[in-house]
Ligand code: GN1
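Read the single chain below, which is given as structure tokens and is the form predicted alone.
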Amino acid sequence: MTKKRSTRGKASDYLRAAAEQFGSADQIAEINKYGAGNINDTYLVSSGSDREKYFILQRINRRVFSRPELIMQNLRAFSEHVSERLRRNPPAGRRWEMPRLLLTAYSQDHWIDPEGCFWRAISFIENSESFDSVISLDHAAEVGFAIGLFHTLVSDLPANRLKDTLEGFHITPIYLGRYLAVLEKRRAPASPDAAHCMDFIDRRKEFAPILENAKSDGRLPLRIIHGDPKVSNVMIDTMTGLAVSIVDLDTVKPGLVHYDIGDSLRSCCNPLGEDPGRPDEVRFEPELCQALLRGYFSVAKGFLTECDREFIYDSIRLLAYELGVRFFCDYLEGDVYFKVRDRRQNLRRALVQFRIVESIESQAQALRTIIRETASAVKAEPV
């Protein structure tokens, strides 16, 4: 087993009490902080149970997810559908697992502690690891495969079967509107970096509604999406190097698959990550883009339309722009959404995303060609 950036954490009374809801008290050995998520508090629980030697315990951030019960409702519907699809036709030549919801002794899929915190537990994907950035072209292809398989498995699940757990999530005009409202109430710090962000956002604001306009006029259909398909959410088998799962399913909801495609490419094709030492060194790598799309189209090509493919370039550019707006807006508001290590971290994150946008724009024709030629060349596997 490989743990992703796990560090030893001191368990509070409610933390251990939460773990004991999903595992026998006398079998729980350790509870460690796990991962580097920006939203929820996540822990790895080590247990003496033969069935669940390890499991993931999470305290849902209710400032972000105001109705966490809808997350669980979505996960139940999603899991039932995907389990049946995989039972009928599992991927050839690899294992593939989706995280399972664990139940309390009272057959509940969550527990609310005396302070009102919402806890849930999911199965741990054994013998797997994840990475904060892409380490090779083969890794990029596996990330693409994982996202493509996810989209394919839910392509026949009606979007209205799931609730919208985060209304407005990935709808760029809403984020832009919030930023403009914040800017009216608060004076931006007088710094060259803040001035650059403000100018950057303003010069591209007319581009913000491109995907929403295509959805409104019927060119892009509403489907089920993952919502956060970044590199670190794709689990890689430690023996084979193949993708074995995609995790962090809180944002599974109705949306445009372009949110996922654009976000995964934004994340995957920037090897330096979201918070490098020098934002000006960040570059969108077209070779990684091609590799990821090769993996994606190999399993997801069947349900995509020609119009879907036409908007992929716009989705890459837009999702990087959107995240930059969100980081900068959170910086102006005092870091109320994303977890930060210092007061300027969200500002640095915004600068990185805007640098990615510039890199994408400078390679527009080449990237459009890569998208078109890769989609044509790859033969989709049946799933």
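For every residue, the number given is its place in the sequence shown, counted from 1. Keep in mind that this is a model prediction, so the values were computed, not measured.
From this point on, the text means the form predicted in complex with the ligand, which you will not see here.
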Which one of these stretches, 153 to 161, 82 to 90, 183 to 191, 248 to 256, sits within 4.5 Å of the ligand in the predicted complex when only heavy atoms are counted? 248 to 256
Should residue 266 be counted as a contact of the ligand in the predicted complex, where contact means heavy atoms within 4.5 Å? yes
Quick check on residue 326: any heavy atom within 4.5 Å of the ligand in the predicted complex? yes
Contact label in the predicted complex: residue 39 to the ligand, heavy atom within 4.5 Å: yes
Quick one: is residue 169 in contact with the ligand in the predicted complex, heavy atoms, 4.5 Å cut-off? yes
In the predicted complex, which of the listed residues (110, 95, 205, 230) lies with a heavy atom within 4.5 Å of the ligand? 230
Tell me, which of 308, 132, 274, 285 has a heavy atom within 4.5 angstroms of the ligand in the predicted complex? 274
Could you run down 331 to 361 and flag each residue that has a heavy atom within 4.5 Å of the ligand in the predicted complex? 337, 338
